[in-house]
Every structure is written in structure tokens, then in C-alpha cells.
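Just the one chain here, the form predicted on its own, laid out as C-alpha cells.
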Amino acid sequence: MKAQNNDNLTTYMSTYKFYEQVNKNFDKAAKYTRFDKGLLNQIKVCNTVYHVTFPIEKDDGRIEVIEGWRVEHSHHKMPTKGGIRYSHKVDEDETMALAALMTYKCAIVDVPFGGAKGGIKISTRDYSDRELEKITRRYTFELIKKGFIGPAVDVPAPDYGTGAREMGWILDTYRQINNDINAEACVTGKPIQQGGIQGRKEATGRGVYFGIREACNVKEDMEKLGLSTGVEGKTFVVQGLGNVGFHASKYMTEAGAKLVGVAEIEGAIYDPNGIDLNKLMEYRQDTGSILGFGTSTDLNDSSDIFTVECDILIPAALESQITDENANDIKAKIIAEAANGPTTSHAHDVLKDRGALIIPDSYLNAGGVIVSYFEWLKDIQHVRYGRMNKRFDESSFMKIAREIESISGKKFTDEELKNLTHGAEEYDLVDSGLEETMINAYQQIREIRDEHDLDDLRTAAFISAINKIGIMYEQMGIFP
């Protein structure tokens, strides 16, 4: 592992090799499957790893060498799929781990992609928008040269440090080089005007909410934790108010849960009486910090958020945040992993032995790739969801409503008619598909957990993934 600027960070990250943590979880689950060791090793290994360096000219005329990676973990299904991360912490180990998680994640939620991941080792705050565009376009060019991007090959998406803007730059660069009628499907998470899809921005956070809701609706599991059924009334804290953390918190509070703690890069706050999420976001926009907000208490350190009193802890930042150093002090009864790999293997065991319910990242944060799949399908099919049937459905619903009025003698108001006859638009269909997928996947994981008499959902989720991928390899004839 390459040296970091901070010696303590170097020691810390070396202790918790991310790819090694993912493979430990894989090995735990593999014991419950029927597959040969050789096939299991094939599933586990990264198929292709591309390490690239290239120069860019900064705004002041200086030349800087940029380092990046793209990893395709599994080719059992094509294309491969995975986000592109911009962070000074990006390295080969992290990118391999995230690519592996994408493979298992896609299998768990029945999305027909192999897993991939990309990353560029930069801190975005150190570069101008013009410089970031240069970096993104040159990185895309390098991927195109080596065949690491394309609608049927490898399809990137946003991740930490990137968003719709960067995905738009990637698409534009790809189009300049490739005369491909399906070019818009080479990347997802794009602006709507460039073939993006309604609901993609909030998809991961929305999926986190759906997953937590499903877990909280299982009466016997909640009784074991001493909690009531349902999301309403439960307290939660969130680490990270980025896109995922914000939207997860938004839907949780709308469902009646109470936000009592928040951690961000500048610090953490706690208020047992509840924190108004929208007002907090406005306050941070004005002041640049969450500290000092309202009646909340500023905590000594961001990491202190893990040890406050709450029912649900939502780590929504980076990997290896819950370790054997703080796992024993966590009071939350439900750990909802909105980030990738926030809990180390040993910390998982500590929490599990204490009786906590851990909703694993490999399932819980799959909302982004689910909706990316819908976007990819939309771009391949060249038709917007709802375009073919919305007006027909509304006309049919109106006929039914008028028939009900005729039979009952009741006259619907204009507002009632509008609600009754509303035809599904793109967002409605995307949200419905996301909800259905998250519900089905959770039920599959619980069934596997019960079938094998397991005491944790993570192992059950990995068993689900391994079984689906292993069957694919067998059918491909690679392992007769």
C-alpha cells in the first residue's frame, strides 16, 4: 500500500485492507455453498485491473501526473458496472474491493451486470472545474483506448467525489471517439438531458430507506432487539450528509423516524429531541459547518457519533469506519450500512455477538445500481419510461372513475379525479421498480439466513450472491 500523507492514516488503513475484508466475508459464506474450491476462487478474483497514469496541465501552467484505476472484477455477466470515485484515498486495493462488492451487490438484487469500479487519486477541492473536466476526459480516453468502457463492455456511474456532471463529460468524450448508436448507455447517472433517468440521484438513499423499512417490518427480528415494528418512532444517526446520507435521512424522517445525530467532515452534533434535516442543510449552506446548529450539542470528534444513544446507526461515508476500536461502544441496535464496507470483519463479529442487526452494504446500498440498470435499459431501448402507456392508462382510469360515479351517485372533485386517474410517469415507474427489487432481495436474504440457521444477514447475502454467480459459471461450461 502506498504511503499516505498522515502516518496514522497509513497505519490505520494498512490494518484494515479493504479487499481482504471483502474476501473474509466471502469465505465465511462460501462454506455454506456446494461449489468447488476452484470455482469459488474464480468468483472471488478480480478478472482485470487497469492502472493508468497521465499528465494534465493545470490552470497555472504546471504539469501534474494523475493516477487512476479501473477494475473489472467479474465477467460472468456483461457489461460490468461500477462507479468512478475521486478521492485522495483511492488506491488499487480499494478499487478492487469496491469492484468485488459490485459483483456481489448486482447478484444479490438480480441486476444482470458483472462488478467493476474506477477511481482517480485526487482530492476534488484541490482542482478547478476546468481541471476536473480535463482529468475526467483524459481518464475516459484512457479507458476507451484499452476497451474499458462501452454499453456492452463496462458502464461507469457516479461515486464519491463525482456526479452527473462528470458522467456527462464521460459520455461526451466517448461520443467524440465512438460512432455508437447506443452511446448514451456507456455511462449512467448522467444529466436527464443526456439520457439520464428520473430518480437516479436519490436512488441509493431511497434504497437505503426501503431496506431499513423492510428490516423494521419483521416483527420477530424487532422483538429480539426490544424494538417495535416499523420505522416510525425510531431514532437514528447518520455519518455523512452527502447524496446518500441526505436522501436516506430525508426518507427516514418522512416515514416518522427521528434524526438525533449527524457527523460530517467538520465534526458531529447530537440532539435527543431531534434535528430538523432541512434546516440543518440550510444552516450548513450558510455557515459551512453543521457545528453550533440549533439546540444540538457539538461532539468532541466526528467519530463520537458512533457511540451516541439511538436505535439505528447509518454509516454513509467511507469504508472501515466501524472497527474493533469502537465497535464495543456502539449502542445502536440496528446498523444500516449505507456506505461500502463501513464495518470491518472483526467489528461485524463484535456487533453480531452483542445482538445487533446489521443490514449489509452489499444489499442496502444497491439502490444506485438498480436505478442505473433502469437507465441503461432506457438508453438501449431509446424510449422514456411511461411514454407509451401514460395517457392510455389515464384514459382507462377516467372511464372507471366515471363508471363509479354513475353507479354510486357520488361526484369526485377535480383533485380526487386527478389522483385517481394519474398515469405512471418515469419517476413513478423507477421508484416502483426500486422498491420491488429491494423488497424481493431482502426476502431472499432472510430466507437464506433462516434456511442455514445463521445469525447474520451479511453471510446470507454473500451466500445468495455466490450461488447465483456459481450457477452462471457452471452454465457457461467453464467448470464442467
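In this text, residue numbers run from 1 along the sequence as written. Owing to the predicted nature of the structure, the values given are computational and were not obtained by experimental measurement.
Just so it is clear, the following notes concern the form predicted in complex with a small molecule, a form of the same protein that is not shown.
A residue is said to contact a partner when one of its heavy atoms sits within 4.5 Å of a partner heavy atom; residue 181 fails this definition for the small molecule in the predicted bound form, lying far away. Contact annotation: residue 136 falls outside 4.5 Å of the small molecule in the predicted bound form, judged by heavy atom distances. The small molecule in the predicted bound form comes within 4.5 Å of a heavy atom belonging to residue 160.
Looking at residue 79, you'd find every heavy atom of it more than 4.5 angstroms from the small molecule in the predicted bound form. Of the residues given (95, 362, 74, 204), 204 alone sits with a heavy atom within 4.5 Å of the small molecule in the predicted bound form.
Residue in contact with the small molecule in the predicted bound form (any heavy atom within 4.5 Å), chosen from 348, 200, 378, 234: 200. In plain terms, the part of the chain that comes close to the small molecule in the predicted bound form, with a heavy atom within 4.5 Å, is 151-159 out of 151-159, 224-232, 396-404, 269-277.
With respect to the small molecule in the predicted bound form, the three residues 120, 140 and 166 uniformly fall beyond 4.5 angstroms at the level of their nearest heavy atom.
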